[in-house]
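Just one chain follows, in the form predicted alone, and it is written as C-alpha cells.
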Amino acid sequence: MTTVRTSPSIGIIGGGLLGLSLALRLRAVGYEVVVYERAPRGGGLAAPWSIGEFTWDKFYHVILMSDLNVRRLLDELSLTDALRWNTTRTGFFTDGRLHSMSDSMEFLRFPPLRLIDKFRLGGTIFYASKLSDWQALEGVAVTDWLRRLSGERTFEKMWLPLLRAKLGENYGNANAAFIWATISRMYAARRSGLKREMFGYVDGGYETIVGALERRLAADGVELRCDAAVTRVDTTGGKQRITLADGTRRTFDSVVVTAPATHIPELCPELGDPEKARLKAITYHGIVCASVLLKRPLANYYVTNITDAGMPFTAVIEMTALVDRERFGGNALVYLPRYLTQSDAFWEHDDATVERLFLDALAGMYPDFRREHVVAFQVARARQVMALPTLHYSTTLMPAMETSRPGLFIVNSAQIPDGTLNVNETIGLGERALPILRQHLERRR
C-alpha cells in the first residue's frame, strides 16, 4: 500500500504584514497555511482607512532606499513600477520657531546649538553609523551613551526631545542599541540616496501593497480569515488547536503567534511559567496618531521634529510633502503622532479632546493655519506598537521563536533587538523565522 504524504499545516495568528508575508513564504515551499486576523481586513499597523473622501494609511509609513526587504516584496508582487521616490526636507520646531535642517549648510546655521554642539552631534551620528556590534550597546543606557558622546547641552536640546518623540516617557529605560539602529537606518538611507533625503511610497499607499499581497495569497491557496478573533491555542493529539471567539476549532501541525508578547500568556495557557513571566515583563509603548486632511500644506517638511516641551504631539509628518497632493484632491495630509507609556493619562482623551488639543497646538506652530482649513480629522490608537529595548534586552526578555510546546511558535516584533520597528524590519523578521519553522515542519512530513 502506498502511503500518501500530506503537506504539513500551519495556522498563523495575526494578519499584519508580518503574518501575511510569512504566509507567502511558507506557502511557496509547500505548506498549507491559514491566517487568522481579528480585524475586518489584513495589514495590522499598515492597514488603510478612509480620511474624508480618500483612502490612505491609518498610521504613517515611508520606504527608504535601503529598505531591501520591502523592495524585494514589492518586486515579487509586481509593484516596483508603482514605487515613487522624492527628495524631502526636515524641519525642527525649537524655542518657539520653525527651522529647516535639510542639508549641511542649514545644520551649521541651526541657531539652537553652538558650533561645538554641532560638531559633537555630527560626530555622534558618524560614530554610530560605523558601529556594528549592537550587542555591546545593549548594556548601556541610551541617555548615558548620548550624554557621553554629544555632551549635556546637545543631549538636552536635541536628543532628549527626539527620544521622547519615539519612546514617550519610556526613554529612560531604553538601551543605546535603539538609537544606534535609528541612526544606522537613516544614515543608510542618505547614503543610498546620494546624500539626499530620498523617501519613497507606493502609489495608493499600503492599501495597494496589502491588497496585492492578499490577492497573491488567495491565488496561492492561502486562507485568510478576517473578523476571526482567536481566544485560545492548546495541544490536542500532538497537534496545536486554535479556538475562535465563536467557538470554532481547528487543528494544525504548527501554529505561529504574531500577536504582541503580553497577549500570549493568556492566549496560550499551556506555556511554562518562566515563558509566561518573560512575555509579561516586556514593556510596550503605544501611539495616538491623528490624520488631518487640510486645504493647504503647513510648511512642506516631510517631518518636523519638535524639541519644545509641552506640545501634545511629538512630531508633524506632512505626508503630502512626499506624496503628490493630487492623490488627495489637492488637499494636504498630515499625521500628528504622540507615543505613550501604557499608564499615560492621554489614553483617556476622547477624539474631540485630542482634536482640540492638537489643533490648538498647530495654530501655535503655524501662524497661517486656520481651523477652517481642516477638511477631516481622525484619531487612531494602538496600545502595543513596539517592545521597549531595555538593558540587555536580547538576553533577558526577548522571546524565543520556538516555545516549550511542540509545534507552537512565537514570531513578533518583540524579536527585533537590533532595529527600529518599521515594515522593512518586520518583513525581515519573517524571513529569519522561515528556516526555523521549516526545520520543524519537515519533521512532520
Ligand SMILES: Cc1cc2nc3c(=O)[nH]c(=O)nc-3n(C[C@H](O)[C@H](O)[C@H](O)COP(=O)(O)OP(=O)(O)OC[C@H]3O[C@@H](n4cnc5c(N)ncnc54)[C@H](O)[C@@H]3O)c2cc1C
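Note that residue numbering begins at 1 and tracks the sequence as displayed. Just so you know, these numbers come straight off a predicted model, no measurement behind them.
One more form of this protein should be noted, the form predicted in complex with this ligand, which is absent from this view; the next part is about it.
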Using a 4.5 Å cut on heavy atoms, which of 38, 392, 383, 405 is close to this ligand in the model of the complex? 38
Which residue, 306, 77, 287, 167, has a heavy atom that falls within 4.5 Å of this ligand in the model of the complex? 287
Quick one: does residue 421 come within 4.5 Å of this ligand in the model of the complex, counting heavy atoms only? yes
So, in the model of the complex, is residue 374 in contact with this ligand at a 4.5 angstroms heavy atom limit? no
Residue 61, heavy atom within 4.5 angstroms of this ligand in the model of the complex: yes
4.5 Å heavy atom contact, residue 229 to this ligand in the model of the complex: yes
This ligand in the model of the complex: contacting segment from 116-124, 323-331, 99-107, 229-237, heavy atom within 4.5 Å: 229-237
Judged by heavy atom distances of 4.5 Å or less, which residues of 9-28 approach this ligand in the model of the complex? 13, 14, 15, 16, 17, 18, 19
